Structures are given as structure tokens and as C-alpha cells.
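Let us start with two forms of the same protein chain, each given on its own as C-alpha cells and named structure 1 and structure 2.
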Structure 1
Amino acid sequence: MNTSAANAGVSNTGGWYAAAWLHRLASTRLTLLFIVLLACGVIAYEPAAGRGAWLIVAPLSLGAANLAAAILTNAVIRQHTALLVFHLALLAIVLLAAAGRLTYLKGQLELAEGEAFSGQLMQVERGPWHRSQLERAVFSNEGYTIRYEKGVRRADTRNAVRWVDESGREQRAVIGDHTPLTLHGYRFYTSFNKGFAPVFIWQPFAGVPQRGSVNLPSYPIHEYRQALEWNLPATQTSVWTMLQFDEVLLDPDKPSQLRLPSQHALVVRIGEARHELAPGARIALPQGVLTYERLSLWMGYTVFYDWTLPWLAAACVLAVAALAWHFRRKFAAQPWDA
């Protein structure tokens, strides 16, 4: 017996099984099942709880396998170029979305006026394969204006930012609302979170002075809770800080703009001692001197990284164009009013 011929027979049988399986996987009935499962998954999924992503991932994986098999084997799809392009684009969208989820980053940060972003986020969620380059995305908040309409309804936000580009040149831009700052793929958006930021200088007796801001709770949402407790750097000393002013900054009866009050007092409580500070005032403490420098504003940002965005957009446009093309051809064969 010729062994090589026998081997070929075995591998042919294997090939035959594989082809049969591929055909089964390509079943359009499976597509219907996949759509039902995906719909159920989408209804059951609770994004707020951050759980149950598998409810979407599992049916999508089945759908992607079904779709890939159909693209390889289904005669109808293969013979109609537009239909083929549509389904390929659909597969690309699923794969890109998956790649995006594995590598994305979403986070929040706050910067006082004049402060530069150091790469530290207050809250962050990221895909398991995200390789952070955030430390390269350095920019500083150069101040902002937010207009309010009657009834204290927020209108446009304009935030000046500054950064140094790759060639070492300084760049400036105004971002806000729909316009993010994009640095190294990270998109920084202003958020509705913003407020007052007293700036302090802490001069310990042993060590170098440090300047820092205390970002009070978001304004005007927490208008009546403009206080915060924080610790002096590298000490156990807790400092309670409250901002007081009488002025109506955002008048419900007319348009206005978020700005610093023309007069304010900063109440600072350290242990039993209560101080009312004006800008420039100092408090002598056992470990050093705390100076209240001035009142400033902070801005809250969200940062989003997803390299797939332009590819996803392209795949979506391709999908919808191919879909329209396919049906245009199909319907053109017979008039609409036949």
C-alpha cells in the first residue's frame, strides 16, 4: 500500500469535516440566534454596575464566528460584492470595538488654573492591554470662562490650554464642550465639574516650600458645601478649609459668567484654632508656615484614549455605504411602483 496516498485520504477526511463544520457555523439560522442572544444580552447588561460585559461579549463572539464563516462560505454573500463588503465591514467593526475595549483608557483629573497635568488621574478605568503614555501628555490649564444663561443654565465653556509639541514649540488652544485637546492619542475634555481652588504655600521648617491648590467641591452644584478637609504635605495635620462670600455670582434672573468673587474670606480650622484669611495671610504652625496665596478656579477633565476611533468611523461609513449600494442595485431591478 502506498502510505502517502493513505495519509492524503486521512487529511482529506479531516478537511471534509472542517468544511462541514464551517458550513454549519455559517448557518443563517445561527445568525438569527445570535441576534436574539445579543438583544437579550444588551437588555440584561448593566453598565452602571460595571458587571456582565460577558452578556455582550459572548453573543458577539458567536456572531463574529458565524459572520466570518458566512463570509468564507456563503455563496450569496460572496457573489454580491456590496453585500460582501457590508458584512466584512461589520466584522471589522466588531473586531475593532473589541480591540478598543482591550486598550482603552478613561479617566478623570482636575487642574487648578496654571497647574500642569502630571499624568496622575483621580479615577481611571482601562482595558487590560492599555500601555499608558499619559506622562507624555503634558498640558496646563491656563484659565477658563463658562457662561450661564438665565436660570443658571450652563452655556459654553472656553478653556485656554498650553502644551509643548514634539518639536519643542509651545502651543496654545481653547478647548471646551465639543472640542477636546488631543495629545498622543489622549483626548482631554472639559467636564461640568469645576469650582474654586484656594492656593496655598506650605513652607515646612525642614524642607523646601510647596505650592498647591485645594479643589473645593464642584460649583454651583455644591454651592452650599464649599468646604474641604485636607492634610498638610508630609504631616498628620488636618486642615479644614471653607470659602465664604456674600455675592451672587450666578444670578438666576440674568445671564452671567462663572468668576471669582470680588471679596471673600477663607475660613481655616486647624485643631481648635479658627482663622479667617485674606489673600497673603499666614498661619504659623509647629511644623512650618502656611500662607494663603490667592483664590483660583479648578477645572475637571475627562480623558479618553481609544486608537480605534478613526478606523471604527471608517468601517461604519463603509458598512452603510455598501448596504445602500447593495439594496440600490437590488431594488433598481424593478420599479418601486411595479
Structure 2
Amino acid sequence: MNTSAANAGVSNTGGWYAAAWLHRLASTRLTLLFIVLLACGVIAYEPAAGRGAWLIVAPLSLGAANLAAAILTNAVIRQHTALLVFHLALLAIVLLAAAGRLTYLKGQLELAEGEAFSGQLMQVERGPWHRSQLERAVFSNEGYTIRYEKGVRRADTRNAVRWVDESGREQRAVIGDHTPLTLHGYRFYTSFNKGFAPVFIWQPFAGVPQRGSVNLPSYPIHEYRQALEWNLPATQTSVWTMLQFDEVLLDPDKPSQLRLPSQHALVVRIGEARHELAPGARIALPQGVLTYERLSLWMGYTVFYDWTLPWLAAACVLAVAALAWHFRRKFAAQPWDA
């Protein structure tokens, strides 16, 4: 028996099967199926339920395999440089979009004036492969100004922030809704969410004093619901707090700026007892003393992380340039004697 001939036959057969599978994978019918699956995944996308990423990543991965097979099996694509570059850029876009869904993060946080970000988010969406470094992205809210147009239409937000860079030097910047603070790949933007924050000092009889703020509902969206219930630290004691003031802070008839009221009272209910507090007032409780220190402001932030965005932008530019190159050559005027 001729062993080399037999091996050659097996090799040829294996190559034929591989080529056949590649041609099947490159089918335009499969392309349409993967597009439909992607559309269904987008419709069913629910990141809060923890099932969002793979509904999108799976059809994107299948689509990438379909596109790669088309590049390998379609001679027309390979013979025209512009078409080849376009399809490779398109493949990169699909793969980067899948990678982005696996590793992204989007969240919300709130910081009172003077408060530092501790790495904890109030709301968060993240890809299953995201490895958080939020504990390294520490910064402080140093205060902000928000300008309003007539009709209480929010204009620009200017929020001063402070942080320490990797060399140990203190840095300061002003950020806003479209100007982020970028730390370790995370981009922090101001949001429409902001409001008033009463600052308390809690002195338990058995323990150390704690200073903290209570972020009341967003203002002016909840202008007439400036109340919140919370618990004293390390206790089951519920404290209901409401801010009262009569001053018009945002005049709908003229431009204005969000600020603290010049006069206010803080209503506090603990059990059946009702207290109306001015800054500096104290309440004696069985567990300790609660002091209302002052009224401050808090700001809500949106944090976003996606390392694929600059690469996606570059791949999109390359794809558009390659397609323009291809059609320019295809429809370029030819000499009459050509």
C-alpha cells in the first residue's frame, strides 16, 4: 500500500471538508439570520437583570465568524485592496463591539460638597468580564454652579473637582455634562441629578463621632418633596427629615443660578417627637446626640468605562475611507480610448 498517497488522500479530503464548511459559514443566509438574532438580542437587552451582555455578544461573535469566512472564501474581496481593507475594518468593528459589551461599565453616584468618592456606586451596569478599578479613581467634589435660562431650563454645569495623580501631586479641574474627569479609564460626568444635603454629626455614647450628609431628592425636579427617611449609623432608629424654605431659588421669568436658601428650617421626626432645627441645633437621644451642622449641596455623577471606543472610532474611519477609495476607483472616469 502506498502510504504517502493514502495520507495525501486524507489531507485532500480534510481540506475539502474545511473549505466546504467555510463556504457554508460565509453564507449570506447565515448573515441575515445573525442580524435577526442581534435585533432580538437588542430588544431583549436588560442589563439590570444580568442577562444583557451575551444576548448581544453571541450574535456579534457569530456574525464575526460569518464575515471572516466570507473574507477567506470570496476571491473578489481578496483581489481588491480597498474592499479587503473595508471588510477587515468591519470585522474589527464587530469584534470590538462584542468586547465592549463584555467589559464596559456604566453607573451612578452622588457626592455632597467636600465628599470624596470611595469607589462605591449607587446604580451600576457592567459586562461580565469587567475588572473594576474604581477604588483607584478617587476624587472629591469641591462644589459646583449651575446656570438656568428662563423657564428653569438648565444650561451649563461647572463642577470643581480635586484628586491626587499617580505621582502624588494634587490636581484640580472643572468638569460638566460634556467635559469628563478621566481617571484610570473611567469617565465621570455631571448629571441633571443634584440637590440639597443636610450635614449631621452623630455622637453615640459608645463610639466615635461621625459626620455625614443626607442627600434629599433631586431639586428642582422634586421641588415640593424635599424629604427623606434614613437610619442613624449602626442603629435601627429611623429619622425622617424635611427641608423647608419659602425663598424662590430659580425664577422662571429670568436667568438664575442654583444656590442655597438664605433662610431655612430642617424638620426632623424621630418616633413621635418632632423637631425643627436650625444649623447648630442638637437632639439628645438614648443612643447619643444628633447635631445638625449645616446645609450643603450634592451632585449626581454618571461614570462610564469602555476601552474599545477609540479603537471603534478608528475602525469606523478606516472603513469609510476604504469604501470611499473603492467607489472612487470603481466610478472614476475612464479615457475614451481605454
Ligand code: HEM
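By convention here, residues take numbers in order along the sequence of structure 1, the first being 1. The model shown is predicted, which means the values in this text are computed figures rather than measured ones. Here the rigid core means the biggest group of C-alpha atoms that line up within 1.5 Å when the two forms are laid on top of each other.
The form predicted on its own corresponds to structure 2; structure 1 is the other form. Within the set A70, F86, N141, Y301, A70 is the hinge position, where C-alpha fit passes from one rigid part to the other between the two structures. Once the larger rigid part is held fixed by C-alpha superposition between the two structures, the smaller part shows a rotation of 20 degrees. At L38, the distance the Cα travels between the two structures is 5.0 Å after the core is superposed.
Core-based superposition between the two structures puts the Cα shift at L60 at 3.3 Å.
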